[in-house]
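Given next, in structure tokens, is a single chain: the form predicted on its own.
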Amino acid sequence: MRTDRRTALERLFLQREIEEFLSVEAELLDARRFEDWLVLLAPDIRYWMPMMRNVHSARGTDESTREQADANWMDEGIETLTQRIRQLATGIHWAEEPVSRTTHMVSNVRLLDIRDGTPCEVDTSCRFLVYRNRQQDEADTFIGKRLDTLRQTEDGWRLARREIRLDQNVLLAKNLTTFF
């Protein structure tokens, strides 16, 4: 339910604020500052990446696996995200030794719904490109769409929900250790 009563200028400022949040988040991930990235996550975050299927156009709703009903590439909360980051910090994570170098690019940011209230939440969509390189010859490119919900707190915006939709139905990378 949309409760947005903002002026066009206020929406423009909000758009810019959200884009800045997403840019800072991308920079933290690329710099491997994962502990700082965790601070940007809401305690009740849902971080979900469905698997995509090739389906006939008449079955468009079956294009992806279902949340909390099917197997998904990722279906995590703050506990598992924190565990993954702690595992990476050990230096013995076989898929991240040597570490990957990543570049996150975020574009086409749109505000889909603004729910003013306490707290204010904003649903957004954007496109992403994540380039990952490790070793001498391992390079992966992940491209897709993200649907995020950002929640405003006293300490700034926090990511409360992220749905990551890759534009491939077969994972071409050797693993998914990357955060999107």
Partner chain sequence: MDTVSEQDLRRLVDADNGTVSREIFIDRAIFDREMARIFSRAWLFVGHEGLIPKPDDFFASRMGRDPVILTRNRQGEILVFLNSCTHRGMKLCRYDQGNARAFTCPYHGWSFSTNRDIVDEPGELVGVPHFEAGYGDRLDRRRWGLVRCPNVTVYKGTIWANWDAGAPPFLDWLGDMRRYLDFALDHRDGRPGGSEVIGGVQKWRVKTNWKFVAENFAGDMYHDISHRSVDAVGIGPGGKGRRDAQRPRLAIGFSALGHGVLGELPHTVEPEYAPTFASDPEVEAYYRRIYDDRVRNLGNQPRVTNSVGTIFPNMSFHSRQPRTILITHPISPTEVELWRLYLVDADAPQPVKDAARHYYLRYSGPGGMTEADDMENWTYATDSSAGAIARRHDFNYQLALGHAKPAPGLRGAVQSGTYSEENQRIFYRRWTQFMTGGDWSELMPQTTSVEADNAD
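Just so we're clear, the structure is a prediction, and the values are computed from it rather than from any experiment. Positions refer to the first chain, counted from 1.
What comes next is about the form predicted together with the partner chain, which does not appear here.
- The candidate spot formed by 8, 41 and 126 is out of contact with the partner chain in the model of the complex: none of the three has a heavy atom within 4.5 Å.
- Comment: 62-70 is the region of 23-31, 114-122, 149-157, 62-70 lying near the partner chain in the model of the complex, near meaning a non-hydrogen atom within 4.5 Å.
- Mapping the unseen interface onto this chain, residue 172 counts among the residues with a heavy atom inside 4.5 Å of the partner chain in the model of the complex.
- Interface residue remark: residue 130 is not counted as part of the site for the partner chain in the model of the complex, having no heavy atom within 4.5 Å.
- Using a 4.5 angstroms threshold between heavy atoms, residue 95 counts as touching the partner chain in the model of the complex.
- The partner chain in the model of the complex is approached by residue 53, whose closest heavy atom lies within 4.5 angstroms of it.
- For the partner-free chain shown, 76, 80, 83, 84, 86, 87, 90, 92, 93, 94, 95 of 76-112 come within 4.5 angstroms of the partner chain in the model of the complex, judged by any non-hydrogen atom.
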